[in-house]
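In the block that follows, a single chain appears as structure tokens, in the form predicted alone.
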């Protein structure tokens, strides 16, 4: 039971960050109906941005986020405005474009950094917290958990209590009707896409701390985002965040009790089983 409790705690902490990655994907979908299949690769790009800043300037990943976040936000803004937005009504072309972007990012990183794993040290490397008599928590995971929910709280307040949030909800419900009452739909979409990129950069800085990274990890993180994204109903942001925690718990418990590939398959098995019995998603979509 002690081992199970430890695995569940680790899963909740890791899964919260998975939920944050999926939340970023859900934000884009909520205003554009677009699923970005290069989502994980953009996150890996942020991770290697943190690595480059550490190698050149010696910046801790928790500090480098101040440079990585605005950079990826500007890059994503330009990418969406000039490449994706003009073809946003043609879903197949958007899928092809984002898949192509995935390969471009991956190969550029391989050319720049090679095929070896890289590591980004942080101030919290090796630091742990003891909870009770048996639970040992990595401090970096605890910081990720607290940051995730604090950022989510700010985001939910922004979407629920401000004029910008009302514009986002209007575009999500009916973009044409929103435009008729004076909402600048294209500008709202661009702002949300940039905000999503900032959230993705934060997720990258939280996950990269003290761990090995590789240029080809993007597809893994895209799938990690897609599972909570679908389980949460694709547009229910709070449910997406909670679903990320479920996937994180399934991953850690599977790796503890099942060795090898079967352990890694547990989150996908849980995902498939939930969709069999709840095809509309674990919590359903929010209109």
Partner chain sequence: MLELTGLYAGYGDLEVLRDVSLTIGQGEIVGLLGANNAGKTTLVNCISRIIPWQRGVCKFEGRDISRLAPHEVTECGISQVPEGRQLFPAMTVWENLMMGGFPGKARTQRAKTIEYVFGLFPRLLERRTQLAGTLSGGEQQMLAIGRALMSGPRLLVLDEPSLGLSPRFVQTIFEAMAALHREGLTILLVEQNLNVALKSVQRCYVLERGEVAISGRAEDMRHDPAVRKAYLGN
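Residue numbers count along the first chain shown, from 1. Just so you know, these numbers come straight off a predicted model, no measurement behind them.
Below, we refer to the form predicted together with its partner chain, which is not included among the displayed structures.
Among residues of the shown chain, residue 167 is one whose heavy atoms approach its partner chain to within 4.5 Å in the predicted bound form.
With a 4.5 Å cutoff on heavy atoms, residue 178 counts as touching its partner chain in the predicted bound form. Not displayed here, its partner chain is kept clear of residue 87 by more than 4.5 Å at the level of heavy atoms in the predicted bound form.
Contact check for residue 183: a heavy atom falls within 4.5 Å of its partner chain in the predicted bound form. Contact with its partner chain in the predicted bound form, defined as a heavy atom within 4.5 Å, holds for exactly one of 96, 173, 116, 216, namely 173. Interface residue among 126, 121, 100, 160, judged by heavy atoms within 4.5 Å of its partner chain in the predicted bound form: 160.
Partner proximity in the predicted bound form, defined as non-hydrogen atoms within 4.5 angstroms of its partner chain, places exactly one of 87 to 95, 100 to 108, 73 to 81, 183 to 191 at the interface: 183 to 191. No residues of 55 to 71 lie near its partner chain in the predicted bound form, the criterion being any heavy atom within 4.5 Å.
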